[in-house]
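Heads up, the chain below is alone and in the form predicted on its own; it's given as structure tokens.
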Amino acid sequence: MTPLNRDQLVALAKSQIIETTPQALNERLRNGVKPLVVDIRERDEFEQGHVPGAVFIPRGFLELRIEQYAFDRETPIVLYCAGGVRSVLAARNVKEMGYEHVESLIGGFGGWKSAGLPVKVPKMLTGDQKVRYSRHTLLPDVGEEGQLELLAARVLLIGAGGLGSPAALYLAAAGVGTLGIVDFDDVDLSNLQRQILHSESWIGKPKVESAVARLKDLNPDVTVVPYREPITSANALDIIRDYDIVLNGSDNFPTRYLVNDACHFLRKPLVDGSIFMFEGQVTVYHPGSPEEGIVQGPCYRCLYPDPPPPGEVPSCAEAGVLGVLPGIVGSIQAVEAIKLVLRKGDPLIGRLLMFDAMDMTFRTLNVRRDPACPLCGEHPSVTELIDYEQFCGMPARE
């Protein structure tokens, strides 16, 4: 075989792959035809700006990582480098891996910028954050971009008790940037059997203050916003409005109905959890998101249109609860919240996950929207927030 010089090698590669212009690629992206656009430059180049929506795979790792982003060999792929040379050679290699529609961007990122096309300058993780979240960024469905989305996310927890404790700890550890916590109760000795957010040194002090101290110690990246007040019809909308997702960990019916209704009115996803003795449940009530392909699911009132009579359902304080149970259920709530932030996986929308610790089984029941639901049905009768007076004064402990 006759040795090839640089120019001959590039010419040979160009004869074997397709090249596209920046204008043509931009037109495809604007029209909703979204190939996988891959930036193969070095990290410092990528951090200075890149094609909006491009994924970052350095040239030296391209063949090793491309399958994480393109499982199907028919996935359209456009590679670009700084000037259009490295991407030509890289495109030939990717094509040899069996990918049928691989293109190189003519002129690379320089040509894209010269054409006056949009450029995204990414926010990047700091050095410490890269270490802290390294196990996240290794995951193809998270990566650095996903971690930045977590850092920008705002999640509200109703209750800093049994369910709120593990949920708050794992969301803070995961780097969810802002956590709001609503709870007007104080730490009690009886809480410590399951409410792992608190310790003996905080007995008699507000749970929200204990939560702020613990979570900031766990992860200083996280802003914790305490609300030491009961959530009522007077403040629910104002509090919930500022958050992307709500986690309900309350153990009383007035709060459950109030939060469900407020999230429906504000079109906020609600990750709902409940526990009783040895059993737990988790589901996601979602108002729908057409741009993300999420269809509106049922709400809490689709399952339970009205609160039960007072005293019919005992609380955990009356019936007891296995201490580790809320740790399992609250952790599942945290998983669902993270999936919603990242827009990955299949959330528990329209599905009720039931856990029985005694026989260690999980069951999933499908739940449908009720056309006659008084809140989200075809002819709603609940059109404003309601405080159920017969349940007043019950703090959100779990």
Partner chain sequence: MTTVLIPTPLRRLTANQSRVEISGDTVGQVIVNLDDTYPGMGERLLDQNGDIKRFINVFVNDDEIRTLQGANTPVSAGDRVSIVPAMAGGC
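The shown structure was predicted, so the numbers you read here are calculated from the model rather than taken from an experiment. Positions refer to the first chain, counted from 1.
The form predicted together with its partner chain is left out here; the points below concern that form.
**Student:** Is Leu157 near its partner chain? Define near as a heavy atom within 4.5 Å, in the predicted bound form.
**Tutor:** Heavy-atom contact with its partner chain at 4.5 Å: absent for Leu157.
**Student:** Test of understanding: in the predicted bound form, would Pro140 fall inside 4.5 Å of its partner chain by heavy atoms?
**Tutor:** The answer is no: Pro140 has no heavy atom within 4.5 Å of its partner chain.
**Student:** With the cut-off set at 4.5 Å between non-hydrogen atoms, does Asp251 touch its partner chain in the predicted bound form?
**Tutor:** Within the cut-off, so yes.
**Student:** Can you work out whether Thr364 and its partner chain are in contact in the predicted bound form, taking contact to mean some heavy atom pair no more than 4.5 Å apart?
**Tutor:** Judged by the heavy-atom cut-off of 4.5 Å, Thr364 is in contact with its partner chain in the predicted bound form.
**Student:** So which of 102-110, 85-93, 158-166, 126-134 is the stretch with heavy atoms within 4.5 Å of its partner chain in the predicted bound form?
**Tutor:** Of the stretches listed, the one contacting the partner is 158-166.
**Student:** Which of these residues, Met277, Ala234, Met97, Val295, gets a heavy atom within 4.5 Å of its partner chain in the predicted bound form?
**Tutor:** Exactly one listed residue reaches within 4.5 Å, namely Met277.
**Student:** Select from the listed residues Arg30, Arg43, Arg343, Arg368 the one whose heavy atoms reach within 4.5 Å of its partner chain in the predicted bound form.
**Tutor:** After the contact test, the surviving option is Arg368.
**Student:** Would its partner chain be touched by all three of Arg194, Arg256 and Cys302 in the predicted bound form, meaning a heavy atom each within 4.5 Å?
**Tutor:** Spot residues vs its partner chain: full contact, yes.
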